[in-house]
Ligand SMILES: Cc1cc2nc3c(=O)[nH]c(=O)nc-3n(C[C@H](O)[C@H](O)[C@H](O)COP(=O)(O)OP(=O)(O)OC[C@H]3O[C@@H](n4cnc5c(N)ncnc54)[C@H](O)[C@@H]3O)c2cc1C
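Single chain ahead, by itself, as structure tokens, in the form predicted alone.
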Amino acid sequence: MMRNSTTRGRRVLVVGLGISGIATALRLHRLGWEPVILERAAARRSGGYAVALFGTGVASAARLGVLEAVGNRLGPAVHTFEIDRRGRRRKGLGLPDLPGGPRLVLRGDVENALYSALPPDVEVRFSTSPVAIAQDEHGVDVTTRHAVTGATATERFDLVVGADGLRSTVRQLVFGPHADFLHPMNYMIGACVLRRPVQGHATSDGLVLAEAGRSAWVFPFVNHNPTVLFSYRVDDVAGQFRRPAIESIRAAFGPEPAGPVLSQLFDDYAAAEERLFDSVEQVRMDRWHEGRVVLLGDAAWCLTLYSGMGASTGMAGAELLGNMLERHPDDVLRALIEWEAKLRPFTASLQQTATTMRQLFTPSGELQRIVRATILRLMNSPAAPIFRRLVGPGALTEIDIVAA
């Protein structure tokens, strides 16, 4: 791909080495920008939890040239079963049943594919975070600090992209405190890769234990151990962080005896070298850019895991940003305005979808559990094709927002 001569030599600072950040650096490098990526962690993450890629993400991954490397770990023999603590099971609703034929991968599959596609001249700085951001109409001065040495440095960039997640440092420095933008859903999630398949079940079995206010999902993969996702409702989110994550999860699923499946899931989560434990919150902002600083992905519009669209919108948002900068190579501000205007309606719809899908992941109470069970019965009835469309993430997931 030929680089645009008017953008060659322009520097962009990308904060965050996740899906959104790497995709942004990749797209803008191909456009002629010189990316520098900051990552506060000391090294890249490995593995990760289950990620679904619907039409939006598949299309962007293909155009970014990484779709083949991302792959698809959803085998043809995968079946999802609803289970209870006593081991009884019945046919359930899983990713293969949703409209559009989504791909099931690990978060690390997407990150690895994007990272491998980065040219060697893209600089990545680990253990480094921004501590001050000041800008004028011509550029942005960013002061960074290395977490190990404490060394600081100030550099100038033409654009700063905050792709640093739910609790974005860039957002806090430029837009304000987290509390102004985080909207709690009063749910917690925990996830990890299991050490082995669930005992007594085939490696191709997806499992869902859904009770009032709590659920555990096991996602099976081709050539990889399954992952687990715990999800539960809480009133005191802060209290969940005052003890080890496994203790909070065990308490959320008590006081009833765990049974064999939950016991294994608890044990594997406790032993995992890398695990996720966090509150479920959406990010809601009136605008995603301020001058030459722009937020992308979870930092701007966190959809939560319940939407199934976090990875897809991260890549699509990065690709669309590059397209707008290519369309307006001499007017960064206009590019950001048009980028946001095109993307915002799409993400707003998906945030609303996540609220609905949360009830399918984890019914908030007994009434919602009964409704969920009714939907599942209808999914296995002669009217199943109609209800698959109604309970799926929706037609918006199939929109190619970049090409639309």
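Owing to the predicted nature of the structure, the values given are computational and were not obtained by experimental measurement. In case it trips you up, residue 1 is the first one in the sequence shown, and so on.
There is another form of this protein, the form predicted together with the ligand, and it is not shown here; the text below is about that form.
> Answer yes or no: in the model of the complex, does the ligand come within 4.5 Å of a heavy atom in every one of R10, A318 and L336?
Not one of the three qualifies.
> Is R107 close enough to the ligand in the model of the complex to count, meaning some heavy atom within 4.5 Å?
Because a heavy atom of R107 falls inside 4.5 Å of the ligand in the model of the complex, the answer is yes.
> How about L207 - does it come within 4.5 Å of the ligand in the model of the complex, if we only consider non-hydrogen atoms?
Answer no; every heavy atom of L207 is more than 4.5 Å from the ligand in the model of the complex.
> May I ask you to state whether F346 is within 4.5 Å of the ligand in the model of the complex, using heavy atom distances?
No, no contact at 4.5 Å.
> Closest heavy atom of I19 to the ligand in the model of the complex, within 4.5 Å or not?
Heavy-atom contact with the ligand at 4.5 Å: present for I19.
> Only one of V124, V174, L262, L276 comes within 4.5 Å of the ligand in the model of the complex by heavy atoms, so just point that one out.
None of the others qualify; the residue that does is L276.
> Though the ligand is not shown, can you say which of T80, Q135, T169, Q282 has a heavy atom within 4.5 Å of it in the model of the complex?
The residue in contact is T169.
> Can you pick the stretch from 82-90, 321-329, 302-310, 233-241 whose heavy atoms fall within 4.5 Å of the ligand in the model of the complex?
Heavy-atom contact with the partner occurs in 302-310.
> Who in 274-297 is close to the ligand in the model of the complex, meaning a heavy atom within 4.5 Å?
Stretch hits, in order: L276, L296, G297.
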